[in-house]
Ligand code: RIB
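Listed next as structure tokens is one chain, alone, in the form predicted on its own.
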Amino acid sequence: MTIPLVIDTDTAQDDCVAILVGLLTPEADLRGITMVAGNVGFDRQVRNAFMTLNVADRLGEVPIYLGNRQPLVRPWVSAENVHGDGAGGLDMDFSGCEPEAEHAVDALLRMADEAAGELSIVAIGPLTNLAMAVRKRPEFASQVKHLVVMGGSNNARGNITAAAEFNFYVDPEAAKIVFDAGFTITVVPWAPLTLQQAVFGRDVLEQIAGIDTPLARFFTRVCSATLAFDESVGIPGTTHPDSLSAAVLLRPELITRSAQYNVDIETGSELTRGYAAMSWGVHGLAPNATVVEEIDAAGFQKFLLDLLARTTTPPRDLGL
């Protein structure tokens, strides 16, 4: 039985890999990709998503919906210093590649209706689209079977400030709305989980390069700018929290330890803007999310390497 799925994304680097997971894992029925302002320029994100569909030989099969180009109340902040264009300079002929006319928020609400309580969402960018869907229809949260959120750090360091992870920092008001809305949420945090168990070092990256399929070559290119940045700040490889978020939805056995937390988002302080306060059950707060604490790192690595070893025939040249 497949899982009806939407990926809500700000497509750059590992977001592309997460989309590949949704496209190529047999358990996934990827019904749409919704775009939200985040990592790189909005139109660049859309092109990156089309290139990802192309390398998977799924161009024209999965609709892309354009969502919010700005956070709810704050100016957009990019991560272009980390990701560059998010695609390692890849390009292709985009003629005829048009997103759907329907707004992403309306598409999310419609797909939740159509899936009759079975829709899962993997949210790997700022949570603006989901917050807007909740504001438009509060019962939307109860219609979604499972929401996996890549965001925050579990009582650990941030990655855009000392306190905050990027996705929650960009739109903390949206994140707060989502965690207060009543979704069944699983959180894949930046630290410590990603930094300890979802980093691919040079040895793994060499294995991937050696696979030499279009998918593996695409992975190497889209991750190249982030690898250089990560190594410059002391991270020994490329980080993969977004593809991990998609993987744990589709292969929950990859989660080896998790716990119930109350997750709340700081919106009032500029010093700690976007900080995710994750209370682990001793403060009298009702849990609103499951936070992943540990994964089968070797299993996740094998999952991605097996996926990248698949042979595809991209219909349009990417210059790989």
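Fair warning: this is a prediction, and the values are worked out from it, not measured in the lab. So that there is no doubt, residue numbering starts at 1 and follows the sequence shown.
The discussion below concerns the form predicted together with the named molecule, not included here.
Report task. Give a yes/no on whether residue 167 approaches the named molecule to within 4.5 Å in the predicted bound form, heavy atoms considered. Result -> Output for residue 167 is yes: heavy atoms within 4.5 Å of the named molecule.
Query raised in the report: Just to confirm, residue 172 within 4.5 Å of the named molecule in the predicted bound form by heavy atoms?
Result: No.
Report task. Answer yes if any heavy atom of residue 159 is within 4.5 Å of a heavy atom of the named molecule in the predicted bound form; otherwise answer no. Result -> Looking in the predicted bound form, residue contacts with the named molecule include residue 159, since a heavy atom lies within 4.5 Å.
Query raised in the report: With a 4.5 Å heavy atom cut-off, would you call residue 150 a contact of the named molecule in the predicted bound form?
Result: Taking the distances in the predicted bound form, the answer for residue 150 is yes, it comes within 4.5 Å of the named molecule.
Requested in this report: Counting only non-hydrogen atoms, choose the one of 236 to 244, 100 to 108, 133 to 141, 217 to 225 that falls within 4.5 Å of the named molecule in the predicted bound form.
Outcome: Correct option: 236 to 244.
Query raised in the report: Every residue in 34, 127 and 179 with a non-hydrogen atom within 4.5 Å of the named molecule in the predicted bound form?
Result: Not a single listed residue reaches the named molecule in the predicted bound form, so no.
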